[in-house]
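As a starting point, one isolated chain is supplied in structure tokens, in the form predicted alone.
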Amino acid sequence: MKLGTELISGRMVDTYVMSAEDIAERIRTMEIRGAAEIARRAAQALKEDVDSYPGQDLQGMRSRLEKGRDALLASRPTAISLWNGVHYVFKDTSKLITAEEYRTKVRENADRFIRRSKNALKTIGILGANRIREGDKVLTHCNSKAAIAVMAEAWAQGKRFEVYATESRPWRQGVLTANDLAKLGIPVTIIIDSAVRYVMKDIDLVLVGADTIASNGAVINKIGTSQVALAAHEARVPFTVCAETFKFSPRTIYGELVKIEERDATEVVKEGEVPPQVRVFNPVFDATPPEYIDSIVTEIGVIPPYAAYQVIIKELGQEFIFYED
């Protein structure tokens, strides 16, 4: 059934009711991208799965949603926003005894997560805009909706500044960022990733997003982020992360390491471009240590990176840390 149209990878496409497995495949192939967006789409897919399940067989309903859950979680193993969003949908469902109770709770959880996610972006924009001053030169990396929300709000407030956006290879998400900012009227210059240190001497503020924030305050984000942070640290330029609290990882509290996803070599070199004995290493993310991060802008306030542990406990709670199937 057709729902309407949406903007995906820079183009408008028709949208239909899809199963969680269908959405998982679109996340895996990066047709759906962005940490917050994949989390919201996963929650919506699980809601649609439970709505479309025929009959009142609770076990069958559970089995269907758990299959969808597993497919979604496998699609982007590094993205904690996806993990948190999916598990939020299942919150308080383990002891329900009727299919209708289960369906209602899944719907409520999915709607609450999606609503909170969207509202968080607005709040981050308002709080983060205070970090941008008139005449600033801001550098950003990859395509962070949270970082863009901050810049959009600052611009709407009448502040005039310019932005340098890294190309962000191999997927070149920086081109998406440049288009988003240009539509708002914000002056933007695209630079190649390796030019970051060269331009850093002229930068006043770095704004990036996050895929995952560990309990020690380390930020897992698009490959190259740590190099941007290192260059900013050397040049004494404030390095600010913009992230919703559902990007904080409860799993890291008990020692679990964040898995760095490695993608296909053809994203870097075309088939036949190098001899078969040449190995291509294509990690998607890297880790920026907390000592290179000045602050993290969240929907609950601007915090130091070392406050990540308290955020995880307060906002996500023990049921996220000890999730039960």
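None of these values were measured; they are calculated from a predicted model. One rule holds for the numbers: they count along the sequence shown, beginning at 1.
A second form of this protein, the form predicted together with a small molecule, is not displayed here; the remarks below concern that form.
Contact between R62 and the small molecule in the predicted bound form is not found at the 4.5 Å heavy atom cutoff. Put simply, K47 is far from the small molecule in the predicted bound form: not one heavy atom of it is within 4.5 Å. Looking at G209, you'd find a heavy atom of it within 4.5 angstroms of the small molecule in the predicted bound form. When the small molecule is considered in the predicted bound form, N221 lines it closely, a heavy atom lying within 4.5 Å. Annotated contact segment (heavy atom within 4.5 Å of the small molecule in the predicted bound form): 280 to 288, selected among 63 to 71, 280 to 288, 49 to 57, 295 to 303. Though the small molecule is absent from this view, in the predicted bound form it lies within 4.5 Å of a heavy atom of just one residue from R103, H233, R76, H87, which is R76. Proximity to the small molecule in the predicted bound form, taken as a non-hydrogen atom within 4.5 angstroms, holds for one residue of S215, T240, N109, Q173, which is Q173.
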